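Below are two forms of the same protein chain, given as structure tokens: structure 1, then structure 2.
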Structure 1
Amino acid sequence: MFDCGMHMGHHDHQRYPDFARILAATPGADFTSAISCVVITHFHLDHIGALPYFTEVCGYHGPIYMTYPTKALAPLMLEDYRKVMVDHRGEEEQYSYEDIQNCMKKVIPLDLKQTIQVDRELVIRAYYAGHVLGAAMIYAKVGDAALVYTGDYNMTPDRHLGAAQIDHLKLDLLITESTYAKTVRDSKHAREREFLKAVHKCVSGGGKVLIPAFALGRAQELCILLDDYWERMNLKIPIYFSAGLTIQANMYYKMLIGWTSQKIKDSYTVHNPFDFKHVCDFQRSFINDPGPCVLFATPGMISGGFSLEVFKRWAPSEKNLVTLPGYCVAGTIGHKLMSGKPTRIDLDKETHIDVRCQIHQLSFSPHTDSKGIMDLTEFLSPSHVILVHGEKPQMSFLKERIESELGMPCYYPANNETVSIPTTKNLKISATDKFIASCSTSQARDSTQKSNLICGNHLSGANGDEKLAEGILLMEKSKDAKILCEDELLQLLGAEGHSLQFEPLLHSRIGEAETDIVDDLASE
């Protein structure tokens, strides 16, 4: 199972994957025996949010793999989300804090490019994906069938992470995210300038800037950017971060500096960029304080929690700004704001929000764009491509591009739809000593043929040419295939051999026999 996430736009059973599909595919099995392992690509909730539910409630007890940074940061994300859903929204608890702890005890950490033999057939390996700290692409091979599941990735470096890196692999299938299947971004510097200009304009006019962001990932990227800008411009306006887990998160970022960009690794000994000079903690009592400020509030997408609480207070003022730095899932307030500026948002039958603030959308997403997806697909040159993690119209557009420009069959299956991918299976076949000897003997009978060389189980002529040999391929269940002679098979089956004997006739007798047959046919 690649990833075990949740849908941030749903608040009922639809938030989790339909795990019953696993048992339906393997009747009589439980979750642990039905799948070989779970591999988590990174700590975002749409990739890990259902994991404690799957292990502690559904009862999966098999191997779980993720990188060291993901194992360190995932519990912070999961507990933060649990608190938002249970403590602030009063929802029924899906899993407890103890469930999260017990789940993480089952995790086996992965290092980059470390090859893991999961079972007799399955091999997995992790590659650097960019996106967020610890994010990995996963290479998986079963027998001769190989695929790469990208998870979320970024093909361009940013201020705190490097670009995705992967070996040139021989693949039957590439499963790639397609969040920005139709978007080609401006240069990174142009996007940064636009973001800083919008924020500076708002606070200069006395307004408040709300930046809904998850506490890990884009928040660190934007904090580095704003902290540096505030220093250069000598600004005294406060920058706040609402999430209590930010202190823990930044501690891990400092510890896991080896997973960041080369620029940060090079400058780390002089200055740690995660020691923010102008960013400080935000107290709830500050919400109604007068004067300008910049606030990072969790969760991103304004799907609930403190970012929603602040949005309710600040949205009615025209001086304020909400800047959405990335992708927002359908069903969230962030998505509604990005889909066209609404003047009113209804939370429920009794609660609505008047929206008069400025809305600013920036493509600061850590996902790769359309060009990045095409570049990775062309580099890996898989036999087939499957698009996931995107929206149907954009995926359809990208599918056509991949098929027309790269000549690769491409699919974007809907939920619960099955796609069958043909693969070539190569079998390692051993040959019996008797078979090899019989091949050698038969070749030696040809006096015009040069002497043969037998190397291992391979028969070749002295000049290096391959020779044709006939044998019987024996494939028994749970045993390696092998080639043997005819008499070896007869012995194995306990059967008797049969032979045909030919008696040579004199030429004159053959001629007489042919004449007799022709006369008989003529008389008939």
Structure 2
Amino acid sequence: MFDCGMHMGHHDHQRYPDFARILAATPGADFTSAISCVVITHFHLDHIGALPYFTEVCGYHGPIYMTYPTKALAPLMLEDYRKVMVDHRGEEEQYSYEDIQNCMKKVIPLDLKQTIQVDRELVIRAYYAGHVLGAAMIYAKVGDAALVYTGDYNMTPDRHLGAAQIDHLKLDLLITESTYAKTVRDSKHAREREFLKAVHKCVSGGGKVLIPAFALGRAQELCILLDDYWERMNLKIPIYFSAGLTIQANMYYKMLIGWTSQKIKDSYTVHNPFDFKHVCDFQRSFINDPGPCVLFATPGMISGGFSLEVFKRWAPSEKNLVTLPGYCVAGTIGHKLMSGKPTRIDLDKETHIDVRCQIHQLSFSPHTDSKGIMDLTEFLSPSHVILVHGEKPQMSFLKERIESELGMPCYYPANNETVSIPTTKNLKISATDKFIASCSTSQARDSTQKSNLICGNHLSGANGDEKLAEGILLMEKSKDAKILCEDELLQLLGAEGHSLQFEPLLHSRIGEAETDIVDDLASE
């Protein structure tokens, strides 16, 4: 089972996957015996959110695989979510803190490019996916059938993570995310430039910048960007991190430096890039301090908590700036700010905020765009493609593209829909020496002809390399199949070779005119 996430939009039983379907597919078994293992690609809740529930409540006891950083950061995310769910929304808790702890104890950590034999048939291997720290793409192979499940990935590197990287593999199936199935994003640099320009303009005008951001990933990326810019421009304005989860996350980033991008790894020897030079901790009392500053605060969508508190104070001044992340859930203040420029936001019946500050919208996304999906698909060239993690209309658009441009059958099954993919079964067939010898001589003959072709305009590629050879496939019971030459078969069977000859029989009617000639001949 790949990933064990939850739906953030639902607050009832629908938020978790319908685990019963696992049992339905294999009657009579429990979860542990029904699936060989669970592989988690990264620590986002839509990929891991249901895991404690599955292990502790449903009672799955089989192996769980995830990368080291995911294992380290997942409990943070899960606990944070559990707290929000229970403490803030007052919901009934689905799993406890202990459940998370117990669940994490069952996890087997995985390293990149490490091949793990899960059971007799199943082999899994993780590849670097970008996206977030520790995100992985999973290559799985059962017998001869091979597939890659991408999880979420990013084909363009960002400030702290590299681009997804994978080997050339022979695949029957590629299951890829398709969050941005239709969008082609322009250069990230332009967005960075806009962001820096906006921030610089604001602080040089004496304003305060509020960056509500998720604790993990985005905050670090923006922080690296700002820290670097501060260094180059020799700015002295303080950058603050609101304490809590972010600080803890920064610590993990420092430890898990090997999972970040090349640049970070390069500079690590001289200075840990997550030791931000210009960043200091934020004290609650700083909110009302005069003078410019930049503040990173959680949560990302100003849905509450500290970022809301700061927003209330800073929003009324037109000097200040609020930088919003790419996506905000409807109903949050972030969403209101992004959908038009409101001048007044009502928190509840009594309180409202006058919004006079500037709003800058960030569209940094750790997901790959449609071009990235196409690139990866083309690179891996699987026999079949399945699109997941996307919206239906966009996926159907991408499906068309993949089928028309790459010529691969592509599916985007809805929930509860089953797709069966034909796989290839490879048979190992031994060939006799004589057969190989005869093949190679014919190949040598061809290659001399081919060498002349290379100089020509012969770019169509692969087809030219396939050669035909004649042989006889011998399959006997209880023996491996093998390929023989013609005369070898005779020897093996101890039979004599019969040669069958055909003689052409021509039916002809000799016409009148010819009769004369025949007659003439006869007369001679």
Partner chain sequence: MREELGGDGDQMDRVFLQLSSMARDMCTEVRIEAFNALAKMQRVSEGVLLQSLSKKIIKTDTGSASSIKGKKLPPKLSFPCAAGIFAHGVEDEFYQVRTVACKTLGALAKLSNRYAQKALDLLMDMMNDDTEAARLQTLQTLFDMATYGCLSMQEKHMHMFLGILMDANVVVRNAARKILGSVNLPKLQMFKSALDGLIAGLEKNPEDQDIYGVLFSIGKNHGSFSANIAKHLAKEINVASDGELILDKPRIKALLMVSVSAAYDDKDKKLDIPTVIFSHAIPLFGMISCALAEDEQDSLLSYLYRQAGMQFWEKKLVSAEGGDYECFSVETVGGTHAQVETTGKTTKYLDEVVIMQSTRLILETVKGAWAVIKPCSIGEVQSTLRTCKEEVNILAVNSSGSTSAVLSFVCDYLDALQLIVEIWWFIQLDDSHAFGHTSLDILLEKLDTSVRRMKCCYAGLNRGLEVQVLEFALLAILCRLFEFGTCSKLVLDKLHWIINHIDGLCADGSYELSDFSKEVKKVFDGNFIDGTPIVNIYTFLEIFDLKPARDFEMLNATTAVLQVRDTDSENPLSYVYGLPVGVTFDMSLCNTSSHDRIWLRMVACQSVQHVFLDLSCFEGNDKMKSCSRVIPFYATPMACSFVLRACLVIECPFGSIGTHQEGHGGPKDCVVQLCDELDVYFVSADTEQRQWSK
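Being a predicted model, the structure only gives us computed values, none of them experimental. Numbering runs along the sequence of structure 1, starting at 1. Between two forms, the rigid core is the largest collection of C-alphas that superpose within 1.5 Å.
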Report summary line: In this pair, it is the form predicted alone that is given as structure 1
Requested in this report: For E79, decide whether the Cα shift between structures 1 and 2 is 2 Å or greater, given a superposition on the rigid core.
Outcome: no
Query raised in the report: Taking the rigid core as reference, does D487 move its C-alpha 2 Å or further between structures 1 and 2?
Result: yes
**Report entry** Exceeds or equals 2 Å, Cα of Y253 between structures 1 and 2, core fit
**Finding:** no
Query raised in the report: By how many angstrom is the Cα of H271 displaced between structures 1 and 2 when the rigid core is overlaid?
Result: 3.4
Requested in this report: Give the C-alpha shift of E496 between structures 1 and 2, in Å, after superposing the two forms on their rigid core.
Outcome: 25.4
